[in-house]
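Shown here is one chain on its own, the form predicted alone, set out as structure tokens.
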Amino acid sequence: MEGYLVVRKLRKAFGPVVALAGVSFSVERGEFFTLLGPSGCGKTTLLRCLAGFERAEAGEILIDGRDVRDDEPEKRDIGFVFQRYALFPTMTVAENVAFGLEVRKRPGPEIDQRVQEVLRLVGLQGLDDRKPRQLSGGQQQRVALARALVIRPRILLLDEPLSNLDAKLRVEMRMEIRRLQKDLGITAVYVTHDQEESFALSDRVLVMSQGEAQQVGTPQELYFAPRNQFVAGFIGQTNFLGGRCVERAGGWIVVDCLGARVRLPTERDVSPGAAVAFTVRPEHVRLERVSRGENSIRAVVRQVQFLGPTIGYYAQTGSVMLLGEVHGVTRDEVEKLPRQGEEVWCAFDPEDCVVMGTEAR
């Protein structure tokens, strides 16, 4: 495993609770890398281990080839942006930003120059003398970011820094963070539980669950080629379906699913009779009034949700509810779409399905 930041088999426990169960990954120089997962999955513990605020019991943390797992935080040359900013309320903006440089005992003129440079960088010039209570949430977030950047860290760590902002400001600030990271060419590791936020910001994403790494990849890889059911379900909405393999030919199998023949692409070794689980995203499910044969499942529309640019459908077949989505329809087209109670065929292309697992009979 190569990279500017390399984590190997990192383990951390709090008493009987294992927070990190041997996590490994690497981050390239200048990459924006995100740790994504639900609350309690270990992502913040992992970030704190990288910073040195928590000590891992086993494993390695290599920065530019050197293991820093046992180094004190101040010796790692890492900037950290906290979830609640952790600004000093009695200090001015300039004093908050200068704090890290003063701890490192940099000369006064150098501190003044670097503070002014980074305040211009984050758009806070002229606010030097204000206290945190005199700033908006977005401005406080910028101060926290400036304080982390002013020390010119090798790696910037960010622990859900946008969670305290309203929805519109979160979108604006994530664009600003990405711009700064690209302009500076800095290596960044970001923690969030928000899939949309992680996709908007990241070059690559590591999905975590219960202290373990589930899958790492680009946003496109995670969305279109999830490795397991957890990743598929956590990354957006999806339909989980299953059935028995009835035919195998080359890189394709045919599955008997809910009374329909469903063709699926897979490189797995699947024998006829084996149980097969697969997933298909809602936007790939089309509601049609006539069956086209394979990959068409009969269902009844139970609910229609108008969401502006998207119309969501819940269609039931037996005990299974299928979710479909229609995007970009015009006002006239909306009137022609299936209605609640109407019988339809839920159709999807084989290439849009991902086989999650198989099990012999």
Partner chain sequence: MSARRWRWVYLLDAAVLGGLGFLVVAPLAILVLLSVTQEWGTGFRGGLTVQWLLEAPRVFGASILHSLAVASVTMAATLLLSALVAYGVLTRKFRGGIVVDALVMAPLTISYIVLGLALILAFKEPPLRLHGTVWLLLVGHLMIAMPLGYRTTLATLEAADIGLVEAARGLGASEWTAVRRVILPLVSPGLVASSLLAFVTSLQNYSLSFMIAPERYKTVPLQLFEYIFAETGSYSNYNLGAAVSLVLMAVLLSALGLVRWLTGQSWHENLNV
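Residue numbers count along the first chain shown, from 1. These figures come from a predicted structure and were not determined experimentally.
Below, we refer to the form predicted together with the partner chain, which is not included among the displayed structures.
Novice: Flag this candidate site as yes only if F240, R263 and F278 all have a heavy atom within 4.5 Å of the partner chain in the model of the complex; otherwise mark no.
Specialist: No, the candidate spot makes no contact with the partner chain.
Novice: Tell me, out of P73, P272, G137, G236, which residue has a non-hydrogen atom within 4.5 angstroms of the partner chain in the model of the complex.
Specialist: Of the candidates P73, P272, G137, G236, P73 is the one lying within 4.5 Å of the partner chain in the model of the complex.
Novice: Which residue, M173, V231, L287, L87, has a heavy atom that falls within 4.5 Å of the partner chain in the model of the complex?
Specialist: That would be L87.
Novice: Within 4.5 Å, heavy atoms only: does E102 come near the partner chain in the model of the complex?
Specialist: Yes, E102 sits close enough to the partner chain in the model of the complex that at least one of its heavy atoms falls within 4.5 Å.
Novice: Answer for V122 alone: is it within 4.5 Å of the partner chain in the model of the complex, judged on heavy atom distances?
Specialist: No - in the model of the complex, heavy atoms of V122 and the partner chain never come within 4.5 Å of each other.
Novice: Counting only non-hydrogen atoms and a 4.5 angstroms cut-off, does R142 reach the partner chain in the model of the complex?
Specialist: No, R142 is distant from the partner.
Novice: Decide whether F82 counts as a contact residue for the partner chain in the model of the complex under a heavy atom distance cut-off of 4.5 Å.
Specialist: Residue-level check for F82: yes, a contact with the partner chain.
Novice: Just one of 194-202, 240-248, 177-185, 92-100 has heavy atoms within 4.5 Å of the partner chain in the model of the complex; which?
Specialist: Selected stretch: 92-100.
Novice: Determine the residues of 47-71 with a heavy atom within 4.5 Å of the partner chain in the model of the complex and present them in sequence order; the list may be empty.
Specialist: Those in contact are R48, F53.
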